[in-house]
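A lone chain, given as structure tokens: the form predicted on its own.
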């Protein structure tokens, strides 16, 4: 069992309370009337929030600033420059009208943990860095992990000119408008980091397992893989009153059958596979016109890569059969293919030891949601800490985690970071 951090409980308690206050303050950037938060990549609320993070990190004594694509790093330099740094953090962006904990909790908890460690123990042996990734959700543009994807070298800059949001604004244009002209770096990966020892992410569960099991901390064993696609179904627009039913090429009717078969096939496949149509748009749709073009999204997830790929092929084959039978055409674009990623066992053991030292009830579980940690898993030791989500609600204004659970997660993160920065893990090669 890891030795408990020799801390000042009063100081730790103060930083925990400050963390809760900072999390609440951060939710004001992009707050909307529905009670949720909307911070889409490179928008004004997003930019204001990232700037606020930089200021808070600097106030905590961290060396803070932006990288070429808008990620924010707050560094606590170590005394051993040859030791690879440990990164900890999450993302600052949200879904539309999302909650105030998803991503933001990990950002705030990480920077406050480093602030506490600096105040209590000074400089660590190993450099520790808190990171606020610019994007993870894929809410504005049809791809996810733009922030961590650049740090890990997975997302090339050329994608920025190739994709656009619903208003036709390209990712490159939005990035430049926000003040990040990464093209001046002259690289495909202007924000890539070559020297990373490990990554730890703390996050709300976004599910109900911890609550159901009455646990305060979840230790993530693996993150499910994801395939995200955009499906365009094309038929013929025609008059709703003069076009006989049997002569129609109704794109919406075809898409509706495709949505239904997606659910049916996913149910037949069984857990842990899930498949979701999250958005459906009728292009130029009006009440008295047979729809000629429909676009919808597909999100497929599984803990097993071959199973996920096989299901995707089977489903797309079925969708093509439906389109052919109805005289429609179908085009699919894959926007994301993230394979399942296992978290590192030794890091999970450190989290477990921290839970035992802190007296927190804990369990191991997989993550059904995607996270930045799955991009780091293939390149460095990575781990995730979960705290409960009340009723399993996330991506919603009703998203909520009890303060005691937020504090428990914060204390656990502090303990783990202490071990890797100051304690018995500080001299290990990662």
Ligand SMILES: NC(=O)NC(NC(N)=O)C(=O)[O-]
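Positions refer to the first chain, counted from 1. Everything numeric in this text was worked out from a predicted model, so none of it was measured.
The same protein also has a form predicted in complex with this ligand, omitted here; what follows describes it.
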| query | finding |
| --- | --- |
| Interface stretch in the predicted bound form with this ligand - options 199-207, 242-250, 110-118, 341-349, non-hydrogen atom within 4.5 Å | 199-207 |
| 328, 83, 312, 144 - the one with a heavy atom within 4.5 Å of this ligand in the predicted bound form | 144 |
| Heavy atom within 4.5 Å of this ligand in the predicted bound form - the one residue of 390, 379, 52, 369 that qualifies | 369 |
| Interface membership of residue 136, this ligand in the predicted bound form, 4.5 Å heavy atom rule | yes |
| Partner proximity in the predicted bound form: residue 228 to this ligand, non-hydrogen atom cutoff 4.5 Å | yes |
| Contact label in the predicted bound form: residue 193 to this ligand, heavy atom within 4.5 Å | no |
| 4.5 Å heavy atom contact, residue 129 to this ligand in the predicted bound form | no |
| Interface residues of 301-316 toward this ligand, as seen in the predicted bound form [heavy atoms, 4.5 Å] | 301 |
